[in-house]
Each structure stands twice: as C-alpha cells, then as structure tokens.
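Listed next as structure tokens: two forms of one protein chain, kept apart as structure 1 and structure 2.
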Structure 1
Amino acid sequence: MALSCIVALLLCTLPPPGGVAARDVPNDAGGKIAVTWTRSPDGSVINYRVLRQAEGATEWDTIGMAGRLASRYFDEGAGNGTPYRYKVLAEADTLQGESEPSGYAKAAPQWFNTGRIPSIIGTALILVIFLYTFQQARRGAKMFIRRIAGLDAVEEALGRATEMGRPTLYVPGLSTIDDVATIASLNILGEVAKKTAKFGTPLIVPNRDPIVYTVAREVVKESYASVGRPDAFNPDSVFFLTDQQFAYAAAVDGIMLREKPATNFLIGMFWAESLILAETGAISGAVQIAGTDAVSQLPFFITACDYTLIGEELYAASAYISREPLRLGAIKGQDYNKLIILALILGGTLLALAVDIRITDIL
C-alpha cells in the first residue's frame, strides 16, 4: 500500500522550475516585484502558476499564470514595504512540480529613474548649447539664419490680401494647447496679427479647441495693441467653431469659399483634415502658407500649398519673422545641435562600417 502511494506521488510530479528569485522592479513608482525562474526541463509543461506569501502569513495565494515559455512574472499587486516570497508551480494536465520558495523581496518606489540617465545627459548637453547661443545673442553676436522661403513670403502674402481688399485666414491647427506645435503656431499668429494690424487687413482665426481659442484671442488682441492699433481689433475675428474634427474642417472650408480669403495660413498640428483644408484653399485661389510637424501630413501640404514650413521651420518661424535676437539665438542653437547629431551619426556609421569590414576580414 505504502509502495503504491509512493509510485503514484512520483508519477504525479513534474520536474519543478528552479532558481526562483524575487526582486523589486527598479525605476518605478513601487507596487511591483519581478519574479524570475529557470524553466522546468520537462517538455510537457503547459503553464506556470505563480504563488505568493506575505511575511507572517501561512497561506500561499495564486497571483497569476505564465505561459510555458515564460521565465518571468511581474507581481503588480504588491504592497510597498511588505516582504513577500514566491513559489512557481509547473503544470501539465494533472501533473504539477512545485519550486522551492524564493527569498523575501519588498516593493518600493524610487526617487530617481536611473534608466533615464543617458537621455538626461543628452538633453543637458543640448540645453547647454541652447543657453550658450542665448548668451551669444544677448551679447549682440550676429547670427546667420538661412532663408526660409515660406516665411519670406508672409509679408508678400499679407500685402496681396491688403491689395485685394480680402481677409487673411489663420488656422492654428486642430490640437490642444499642450501641443508644442500649437504654441509655435500661436507665436506665429502673434507676428502675423501685428502685420495684419499694420496693413489694416481683416484677420479670421477659427478655433477647434476652446482653450486655444481664448489664448489666440488674447494673442491677436495684444498684437493689435502692440503696433498701436487696438481699435482695429475685431473681437469677433477670433472665434470658436466646434471640437469635432470634420465639422471643423467643413466649417473652415465654408469660410474659405464664402469669405474668399486672399491668404490662408494652415499652421500647427493637423491630421486627416489637412488635405481637405489645403485643397479647398487651393481651389478658392488663395496663397497658402502651411506648416506642421506632423510628418504624415507634410506631403499633402507640399502638394496643395504654395509654401510649407517643414518640421523645425515651424518652430523657427516666430523668431525668423520677429528677428528678435534671443529667439534667433534659439534657432542658432538648433543648428549647432543638429551639427553635433549629424557628426555623431556620421561617426557612428563610419565606426560601424570599420567594425563590419574588420569582421569580414577576419571571416
């Protein structure tokens, strides 16, 4: 009888997983412990059951299952500061193999994400260069900035609208105020509004986001005031349309076809509506200046608009138009940083090639 029990026990047991270890997941907000193990050598294992026991408790609780090829499990329900130990059960049909328990581990939140050190160093280097160029600009150093055709055309396009006695339409993108492209667009709007105020050209600014609308309204109002034309500011020229993407596109298309603006600015963040807006503007015969950092929308703007600010040009635009030294310093900083990145890419490519050639030689 005793022998048959022993045989049955041996038959019902799988080789258990080995080396079960538990440790706190680094660089997180706590509450997470990583459990690792060496897989059971038995090929019939279907899955692994992970068990947990808090210090002082008598029961083992199942906290999750992992696939047959897994050797790691994250316990995301661990309380910070509580010591836990873990066991892993290999399971196959009716058979089980239970590992030895791991040592105790405690989850804890961290005050510094060490995984982000490389990006912090990289960003710090970039910032140092920016601060250097700001300093240079403050000292009055002459900065050469390459010509950007789309921005050179701003004055000409606004002059055209004035001559034709038609309004200028400015679409500040469809994104929210926390999008840097929207902020860049509002900075450009400020410069455009100063020029429309000087020329006496009506400006139309339809908005999709209510917060962007309030900021855009203030930007235009202040721009009119800054060039001594506060009386020319029409509060109804900056308005909120709708927050529905295609309803907004339809409304702006309507404005383009009804009001027939001589110049359209489509600057900011755009999605699928970009071509709907740009093509309608092209059909209406307006001079169009577009700018976005949405790479997938750039081909549409390049095709349908007269000038397109590509990516970084969007961020350089307000400085380029205003010619304010400190802002120009930022563009110079961008150029220096790009030069460094380019040198790093070239250096890295040459090194990779050199290593590749050496390996090929050895082979």
Structure 2
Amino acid sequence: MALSCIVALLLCTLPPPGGVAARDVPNDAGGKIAVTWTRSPDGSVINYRVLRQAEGATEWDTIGMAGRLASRYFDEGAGNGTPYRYKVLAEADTLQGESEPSGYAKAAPQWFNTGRIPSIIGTALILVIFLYTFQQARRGAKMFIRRIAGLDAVEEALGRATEMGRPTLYVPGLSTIDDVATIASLNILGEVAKKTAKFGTPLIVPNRDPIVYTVAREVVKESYASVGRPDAFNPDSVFFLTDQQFAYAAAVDGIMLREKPATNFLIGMFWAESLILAETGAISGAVQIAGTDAVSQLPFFITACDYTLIGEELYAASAYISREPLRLGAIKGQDYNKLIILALILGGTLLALAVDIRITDIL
C-alpha cells in the first residue's frame, strides 16, 4: 500500500527546476535579488512559481510567476540586509515539480556603479582634451579653423553699410534664452556690435523674447564699451517687439522696408517666418547673412540669403570672428573629442562585424 502511494506520488510530479541560486543584484540601490534556475526538462511546463522564505521563518511565500521559457526572476521586494532563500516550482495543468531551496542571499545597496566606469573614463578623457586645448590656446599656439565664407563676409558687409550710411539689422532668432542657437546668436551679436561700434554704423536689434531682449541689450552695451565707444551705444537700438511669431515677422519686415538696412543678420532659431524675413530682406537689396541649426529652415536661408551658416558653423562663429584663444581652444577640443568618438564608433563597428564573421564561420 505504501509503495503504491509513493509510485502514485512520483507519477503526479514534474521534473523540478535545478540549480536554483540567489544573489544580490550588483550596482543598484538595494532591495533587489536575482533568482536563477535551470528549466525543467519536461515540455508540459506552463510556468514557474517563485517562492521566498526569510531566515528564521517557517513558511514559504509566493512572490511571483515566470513564463515557461524563463530561467531568471528578480525579487524587487527584498529588504536590505535580510537573508532570503528561494525555491522554484515548475507547474503544468495539475502537476508541480519543486526545486531544492537556494542558499541565502541578502540585498544591499552599492555606493559605486561599476557599470558606469566607461562613462567616467570617457568624461575624464574629454576634460583632459579640453584642458590641453585651453592650455595650448593660452600659450598662443596657432589654432586652425577652416575658412567659413559667411563669417569672412561679416566685416565686408558691415563696411558696406558704413559706406552707404545705412544701419545694420541683427535678428537673434525667435527662440528663448535656453535655446543653444539663441546663445550662439548672442555671442555673434557681441562680435558684430564691436565692429559696428568701431565703424560707427547704427545697429538695430529687434527681439521677440523679453529675456533675450534684456541679454541682447547688455551684450551690445558691453561690446560698445569694450572697444572704447560707450557713448555710441543707443539704448533704443535694442528693443522688444512682440512675442507673437508672425506679428514679429511683420514688424521686422517693416523695419527692413522703412530703414533700408544695408546688412541683415538672421542668426538663431527660426520657424515658418524664416522665408518671410529672408525674402523681404532680399527685396530690400540688403546683404544677408543667415545662420541656424533648424534643418527645415536652411533651404529657405540658402535660397534667399547671400551667406548661410549651417549647423555647427553657427556654434563656431563667435570663435571664428573674435579669434579669442579660449574660444578657439574650445572649438579644437570639441573637434578632437568628435574625432575620438568617431574612431570608437568605427572600431566598435569593425569588432561587431568581426564577431559576426566568426559566429558565421562556426555555424
């Protein structure tokens, strides 16, 4: 009788999962234990039930279910410092196979994420390169930047405005101060304002954003002071128009047609109004230098303007015009870092291809 019961019990169980192990998940904030096992060889298994028991407890608690192809489960409800052990039950329709319990494991937070070491090395490398290029720039090393036609034409365009006795119009885009294109535009505005101050050319700077207006006004004022012409700064030359997109475009068009500026700078972030501004400027006969990192607006500027700064040329413009060593050093540092990133991408691609070839050869 006893033998028949044992045989019946064996026939009513599944081959259990094997090699159940538990370990703390590394590089996390704690409270997480990974449970792994070897799947049951029985093909009728539907799912696995994961059980947990704290040290000193007498009962096992079900903490989760995993699919029939799973061999890992993360216990995200573990208390830090509490030892737990785990069992895994393979389940079919009416059958179960229970594994042996794992050893005890404790969840614990880690102060340092070792998975971020490559990021730290990369950041340190970038900083070292920037410090090196800054140091080289301070020592007066020659920094080469390729010729940018639109920036070479700045002085010529401002000279033309001076000879014609007409003002220069500078539109710093329509975006806010937190836009990178706006910041780059304000840097260029500072250099343009220095030259207009030297030449004695009136400068008109209409703004759409109140904060950009405030910053632009100070930039122009400081530029005039830096070249020894604070008296030539006209506070009314930098002004706020409106924050409405097309009302602003209409107002700037009116300035172009009434004031007849000899040179228009359209530099910064632009949207649908870009062609309206550039077309009106072209009709007025002004020399136009545009620049934006808005890819969708570049075709309009390239078509309607004399020179266009494309993408990163906009960010390099202030260094290019001013030839200030620190700015040139920053540009060179960026170039070196891009070169390293490009080399890493190329090397990684070649390694990935090599691995694929080896796997293909094996297969």
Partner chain sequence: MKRKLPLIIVLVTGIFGVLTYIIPHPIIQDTDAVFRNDILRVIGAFSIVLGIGSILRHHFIKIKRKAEHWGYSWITVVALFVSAIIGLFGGIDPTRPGLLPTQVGGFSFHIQSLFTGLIVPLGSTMFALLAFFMASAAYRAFRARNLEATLLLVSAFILMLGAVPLTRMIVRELPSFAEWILAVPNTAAKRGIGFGISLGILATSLKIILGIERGWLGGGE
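Throughout, rigid core stands for the largest set of C-alpha atoms superposing within 1.5 Å between the two forms. Numbering for residues begins at 1 and runs along the sequence of structure 1. Not measured: the values here are computed from a predicted model.
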Query raised in the report: Two forms of the same chain appear here; which of them is the form predicted together with the partner chain?
Result: 1
Query raised in the report: So, between structure 1 and structure 2, does the rigid part that carries residue 29 also carry residue 120?
Result: yes
Requested in this report: Note the number of degrees the smaller rigid part rotates with respect to the larger part between structure 1 and structure 2, based on C-alpha superposition.
Outcome: 21
Query raised in the report: How many Å does the Cα of residue 346 travel between structure 1 and structure 2 when the structures are matched on their rigid core?
Result: 5.5
Query raised in the report: Hey, core superposed, how many Å does residue 91 shift at the CA between structure 1 and structure 2?
Result: 22.8
